[in-house]
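Just one chain is shown here, as structure tokens, and it is the form predicted alone.
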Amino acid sequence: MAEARLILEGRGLCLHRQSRAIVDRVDIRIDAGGISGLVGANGAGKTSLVSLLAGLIAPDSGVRRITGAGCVEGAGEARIGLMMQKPVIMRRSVYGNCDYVLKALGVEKAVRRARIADGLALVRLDQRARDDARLLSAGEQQRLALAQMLIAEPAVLLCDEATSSLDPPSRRLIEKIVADKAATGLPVLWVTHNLAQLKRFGGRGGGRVFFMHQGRLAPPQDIEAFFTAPASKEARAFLAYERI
């Protein structure tokens, strides 16, 4: 994993669809210091915000910035890892899916081979390297997606409901790997509806929560504080509903 970390932030981000503010004047900063959780009800604007931060769409107004040690104009874009709920799996082997990513980044063949071996071992797919990736289970495919992200040595990792439809073993393994990487200083934004999962992240130390409601983002709270003393009535209502 690369040593230099980036800081990903948005200032006054706005996104409108049919005159409605999907993301409304959002300020957010993702840096090292544990996992940053992003929670809120369906339709709150979480996925749209992640898409803005990842550079997949442009804001109607506001600024998205990537800064950090050794960062030059445009260089940070390729170092943002994005895991979505459903991974994109190509028609090739497990190894080939990983090799495609590194080849696109210009990594030399000998280096690619070593990185892929380490990455597949980390997600426990080293014995499936020659298999058709499309035949993997949903959990295995998401673990493959995580391996693809990590072997590319991201400086920021964005995860949008990355484990929402997975079996418990795959979910726990992905949680552990991401939490371990965050503990080394990798900035992580983790979008989830799974409050038990968020608590587990908080139990590892550090971490904070951004609560999103109707396109607006509340100031971050420590994970423990969010559960014991949520800072807004909307967050309290959200937690009360989710605990039913």
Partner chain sequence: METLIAIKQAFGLLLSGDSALFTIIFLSLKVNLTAVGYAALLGFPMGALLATTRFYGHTMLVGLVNALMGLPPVVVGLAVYMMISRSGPLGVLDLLYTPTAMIIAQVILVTPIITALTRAALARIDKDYTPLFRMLGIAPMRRMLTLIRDGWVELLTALLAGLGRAMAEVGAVMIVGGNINHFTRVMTTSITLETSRGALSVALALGGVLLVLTLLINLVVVVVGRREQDDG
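Residue numbers count along the first chain shown, from 1. Since the model is a prediction, treat every value here as computed from it, not as a measurement.
Not on display, but discussed next: the form predicted together with its partner chain.
Trainee: Check R91 for me: does it contact its partner chain in the predicted bound form (non-hydrogen atoms, 4.5 angstroms)?
Mentor: Taking the distances in the predicted bound form, the answer for R91 is yes, it comes within 4.5 Å of its partner chain.
Trainee: How about R113 - does it come within 4.5 Å of its partner chain in the predicted bound form, if we only consider non-hydrogen atoms?
Mentor: No - in the predicted bound form, heavy atoms of R113 and its partner chain never come within 4.5 Å of each other.
Trainee: Indicate whether its partner chain has at least one heavy atom within 4.5 Å of a heavy atom of T163 in the predicted bound form.
Mentor: Heavy-atom contact with its partner chain at 4.5 Å: absent for T163.
Trainee: Is V101 near its partner chain? Define near as a heavy atom within 4.5 Å, in the predicted bound form.
Mentor: Residue-level check for V101: yes, a contact with its partner chain.
Trainee: Please tell me which of L150, L82, L173, L125 lies within 4.5 Å of its partner chain in the predicted bound form, judged by heavy atoms.
Mentor: By the 4.5 Å heavy-atom cutoff, the listed residue in contact is L82.
Trainee: Taking its partner chain in the predicted bound form, which residues along 117-136 bring a heavy atom to within 4.5 Å of it?
Mentor: Residue within 4.5 Å: R134 only.
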